[in-house]
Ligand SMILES: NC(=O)c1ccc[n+]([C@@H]2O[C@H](COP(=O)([O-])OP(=O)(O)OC[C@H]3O[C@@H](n4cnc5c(N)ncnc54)[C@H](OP(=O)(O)O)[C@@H]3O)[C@@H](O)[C@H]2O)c1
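Next up: a single chain in structure tokens, the form predicted alone.
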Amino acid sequence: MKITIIGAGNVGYHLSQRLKEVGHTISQIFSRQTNKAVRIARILEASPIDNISSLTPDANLYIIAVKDDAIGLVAEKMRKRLPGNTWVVHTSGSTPSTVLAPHFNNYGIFYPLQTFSINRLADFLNIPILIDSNKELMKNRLHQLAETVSPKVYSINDAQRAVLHVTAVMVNNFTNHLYSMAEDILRQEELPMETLIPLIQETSKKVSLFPAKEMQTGPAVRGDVDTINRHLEYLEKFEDYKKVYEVMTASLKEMHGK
């Protein structure tokens, strides 16, 4: 399939490389930063563009991989260059596919459910691809395309994807923030973060094998009030972190009936 990628951020960068790796042709790659577009296009053997007005209408699919609040505006600009029956998708986890409806007749979603970092290789064999479209033919073709990228493909509508995105924020963004809090405390106390890494890894392994609730441990679940109070006393010097600890402890107690 001949594909144009609109956006060269983390998602656009990794997805475009994977698409090329499995045999698809990347026609054009767009980035507002000319140097970035040129650099990535060289890797993809694609044409770099730094303006939507330079889009050509020869691709089979156009993938918008930009920030959520820019998707509608980008689609509007694309419509000035492309026919209304062009196949267009976006990669957002939370933005409805219908943001594309005012501009294109054939629209949908191609959402890799993963956190991407520019300097870390993405393992697409373990990345779920969520797809959807307003047209059955396009949905089937997107499913076929997704299967070339990953063995884990799901047809998920806008409402379902919104729920998944909420929970993705919880398990990724929230937990990573907790890691950052722990890292900050340990840094200030001159203690090594590496001592917690095996615990983090074991917790992650268990949740892939068993229901998370059944694997929950810790003072809140045990009803260990003395330990909780000692923790809170220590956290007096980290006021914001203490608030998070209190909220999380209260939530754990409620969930586990303590």
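Just so you know, these numbers come straight off a predicted model, no measurement behind them. For every residue, the number given is its place in the sequence shown, counted from 1.
The protein also exists as the form predicted in complex with this ligand; that form is not presented, and the subsequent description refers to it.
Original post:
Taking heavy atoms only, is Tyr111 within 4.5 angstroms of this ligand in the predicted complex?
Top reply: Output for Tyr111 is yes: heavy atoms within 4.5 Å of this ligand.
Original post:
Does Phe30 reach this ligand in the predicted complex, with heavy atoms at most 4.5 Å apart?
Top reply: Yes.
Subject >> Phe116, heavy atom within 4.5 angstroms of this ligand in the predicted complex >> reply: Flag for Phe116 set to yes.
Subject >> in the predicted complex, Ile71 touching this ligand (heavy atom, 4.5 Å) >> reply: Because a heavy atom of Ile71 falls inside 4.5 Å of this ligand in the predicted complex, the answer is yes.
Subject >> Residue stretch of 146 to 154, 176 to 184, 91 to 99, 78 to 86 approaching this ligand in the predicted complex, non-hydrogen atom distance within 4.5 Å >> reply: This holds for exactly one stretch, 91 to 99.
Original post:
Looking at Lys206, Arg222, Lys36, His231, which is the one with a non-hydrogen atom within 4.5 Å of this ligand in the predicted complex?
Top reply: Only one option qualifies, and that one is Lys36.
**OP:** Select from 3 to 33 the residues with a non-hydrogen atom within 4.5 Å of this ligand in the predicted complex and write them out in sequence order.
**Re:** Gly7, Ala8, Gly9, Asn10, Val11, Gly12, Phe30, Ser31, Arg32, Gln33 sit within 4.5 Å of the partner.
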